[in-house]
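The data below hold one chain only, encoded as structure tokens and taken in the form predicted on its own.
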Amino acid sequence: MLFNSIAFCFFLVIVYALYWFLFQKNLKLQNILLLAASYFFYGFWDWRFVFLLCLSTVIDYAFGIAVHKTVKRKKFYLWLSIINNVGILAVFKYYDFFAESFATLLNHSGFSASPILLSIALPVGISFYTFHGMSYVFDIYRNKIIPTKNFIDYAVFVCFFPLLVAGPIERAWHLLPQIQQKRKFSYRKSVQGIQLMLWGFFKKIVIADSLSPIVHRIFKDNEHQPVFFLIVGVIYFSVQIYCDFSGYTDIARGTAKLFGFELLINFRFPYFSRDIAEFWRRWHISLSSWFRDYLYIPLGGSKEGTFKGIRNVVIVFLISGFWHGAHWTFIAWGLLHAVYFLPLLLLKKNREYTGPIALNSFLPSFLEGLKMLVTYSLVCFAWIFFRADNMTEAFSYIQGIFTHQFYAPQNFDPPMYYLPFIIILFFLVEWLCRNHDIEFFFLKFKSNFSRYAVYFFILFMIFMFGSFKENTFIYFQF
């Protein structure tokens, strides 16, 4: 079930009404309702994968208890949990990739091999809910939390429908206490939730979905595109994927607020970053912090010598790229970011920018602006590999930027001409909120008239310029 669908609107209204008007005084029934609604929401795509979700949930729930109760076999049960979750990902997400790659390697070596493929459909959100389960068992192993005895509470933590298919990747220490404590209706929180959802729908429907066909055309026809449109294509993709994914996150966080929950913030205006390290502290924060806490630091981080620090960075970015998909393009994207990050690590400047940008000024300094431009350019170059269907297409695109003629007239649909103005307006709003969150934008309007005028303007933009084809979210494929 897509957030940007009529079905979700009806679903949300029904669950919201039952949650607050029928079960408000009974926490247990509220959580059972959330779990049932989450399974229904997930089963809307393919009910068969609900069984895989249930199995993964039950196994990690059991491993969490086992890790907590034993001392001698604590690490053993932790590794069983890791093997279970990685095994699920390996079968459903990565098996065909490895089988095809191995067969290709054999064929290039003079042997004749045909891969045996499973050709299983990729379950939506599998990379997200498996990481939920692993982080839960990890935190129990590290004595950061104790396992919950209530299976319903744990299952809601894993399967909560706003974050189930594309995050943010929650932590048990943050979400489980909210699930276990009684929740009271808050008008203020509901208003904040609607504001977040409205902003998320604007980003997804007006910007991301309008950019999608333009980006698709430029990438697919990159061999015949002039340099100008190749550059426009990758810039537009950078905006598309940001608005698509952060738009989903805004809708997810807004929906969670309607039910009394606060989810982790997943984006903090990443294109205003002054270096790559800052970019990764602002982009997909729940994933980058997950790899930091459960992979980079356990491997030793940067505290065990230069060589191991370099090794750990490469491992983290390599796995991060592979997490996104079983394609060489994602691996190249991850390794390219490792190359960007390593100079900062070696020069001990990877924590240089942790504070706000242009704190006491509306505009950044010349040096800050230059650093943002360089960082954004590096990110855009890497996005070429992320967006391309294969390595051949990626290198063809890059070659075209350096060899094609600079400009030639092209016939594009009308969105190509008004979208730049909408994008500029969007980033202006983001810049105003850069040191806060998007809720700050709505708080700036004190009177009811000005606030409702903003609501009306956003709705007008959605209905006037939005795409209503119920396009899926990009990160659903991961």
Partner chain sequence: MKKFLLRILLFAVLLAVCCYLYSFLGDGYSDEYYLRVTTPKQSAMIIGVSRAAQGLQPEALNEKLNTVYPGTHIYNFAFSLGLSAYGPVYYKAIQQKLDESAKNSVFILEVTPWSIAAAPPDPNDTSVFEERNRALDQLHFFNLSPNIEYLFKCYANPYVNLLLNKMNSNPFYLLHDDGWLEIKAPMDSAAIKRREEGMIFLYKNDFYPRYKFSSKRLEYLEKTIALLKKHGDVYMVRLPIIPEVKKLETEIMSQFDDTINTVAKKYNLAYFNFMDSAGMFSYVDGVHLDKSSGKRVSEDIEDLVSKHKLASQNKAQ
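Values in this document were obtained by computation on a predicted structure and should not be read as measured data. Positions refer to the first chain, counted from 1.
Another form, the form predicted together with the partner chain, is not on view; read the next lines as being about it.
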Tell me, please, which stretch of 32-40, 426-434, 445-453, 61-69 lies within 4.5 angstroms of the partner chain in the predicted bound form when heavy atoms are compared? 445-453
Counting any non-hydrogen atom inside 4.5 Å, which residue from Leu258, Val158, Val124, Cys243 sits next to the partner chain in the predicted bound form? Leu258
Report yes if any heavy atom of Phe98 sits within 4.5 Å of a heavy atom of the partner chain in the predicted bound form; otherwise report no. no
When the contact criterion is heavy atoms within 4.5 Å, does Trp79 count as touching the partner chain in the predicted bound form? no
I'd like to know if Leu459 sits close to the partner chain in the predicted bound form, meaning any non-hydrogen atom pair within 4.5 angstroms. yes
Does Tyr418 reach the partner chain in the predicted bound form, with heavy atoms at most 4.5 Å apart? yes
The partner chain in the predicted bound form: contacted by all of Trp199, Met372 and Phe440, heavy atom 4.5 Å: no
Across 172-200, which residues bring a heavy atom to within 4.5 Å of the partner chain in the predicted bound form? Phe185, Tyr187, Ser190, Val191, Ile194
